[in-house]
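Given next, in structure tokens, is a single chain: the form predicted on its own.
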């Protein structure tokens, strides 16, 4: 049997170039190889932890599904579904929560960071769990931190365990949640004396992970940082973004080390352009002949070669209601088949399967 790879994304906005080069492009390649059974889902239940506008949530789900398909994910080769279309997930979420401690959930870096931001309190990742709890509970605005935010790791664990995923590609910010998933699986197996849940591992595509820099001179590309190139950006808007990317005054001596913003531009160049173009601009920089305007124009045009076809295809798919409905219905049926079996097994293991049925 093939190993299972599972990945989900919260519908909080459009996909950007970092999403594509860092993960989506590799998913498409992996799909073509046919080595794994792949599950790709839209995590709309996870999005509820930040209480999004219902109309906007619906629109975002629709848009991301269209972008998935436009980028090359094939519903006949991969299972593509919306999280809330699998009702077995929230039920298993309830059952698994019975084996999860409040302290270990409060200990997660993601929860403490979100609590700090939402409540305006200072919470260190090294703080004692009880101190964190007292700060949150004692804060007059604590109603803004909902229980779903606290139990986010449990829901993520269920997404993974209900499909018996072997591999889950996650970034550094989600590694702690994946470790909790392994812990929950071990705890369940140990408590009931079974060898049921496997322990999923981070998925390694091979080679060095791709880190796509933003246009602001530092860090990586991200929606919250406002430094993104979106897959659906129109030509003019995209060119304008790239031309505004941060640079410096230029090298003053041959082979001068690059400042971080300039190195970021060359990283983008290496990701989207051909080796001869990379060599041309690298030589120009090392010889103090670089013109950043020309470099940015080249990067913009090469990015457009990637994103323009995806953008146009996304528009077509979003307008095809029947195709979208067919894809998501098929995906939900495939995802539920395995999920229903898992839930039935867990109910039986926990002793809550009705004996009168």
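Positions refer to the first chain, counted from 1. Keep in mind that what you see is a predicted model, and the values were worked out from it rather than measured. Between two forms, the rigid core is the largest collection of C-alphas that superpose within 1.5 Å.
Keep in mind that the form predicted together with a small molecule is not shown, yet the notes after this line are about it.
Contact annotation: of the candidates 99, 198, 241, 220, the single residue with a non-hydrogen atom within 4.5 angstroms of the small molecule in the model of the complex is 220. Taking 210, 105, 278, 180 one by one, only a single residue has any non-hydrogen atom within 4.5 Å of the small molecule in the model of the complex, and it is 210. Within 4.5 Å of some heavy atom of the small molecule in the model of the complex lies at least one heavy atom of residue 159.
The small molecule in the model of the complex comes within 4.5 Å of a heavy atom belonging to residue 174.
Residue 5 falls outside the set of residues with a heavy atom inside 4.5 Å of the small molecule in the model of the complex. The small molecule is not shown here, and in the model of the complex it never comes within 4.5 Å of any heavy atom of residue 296. Residues placing heavy atoms within 4.5 Å of the small molecule in the model of the complex fall in a single listed stretch, namely 220 to 228, out of 220 to 228, 242 to 250, 261 to 269, 184 to 192.
With the core superposed, residue 9 shows a C-alpha displacement below 2 Å between the shown form and the other one.
The two forms, fitted on the rigid core, differ between the shown form and the other one by 2 Å or more at the CA of residue 216.
When two forms of a protein are overlaid on their rigid core, residues whose CA moves 2 Å or more are considered shifted, and residue 25 is one of them between the shown form and the other one.
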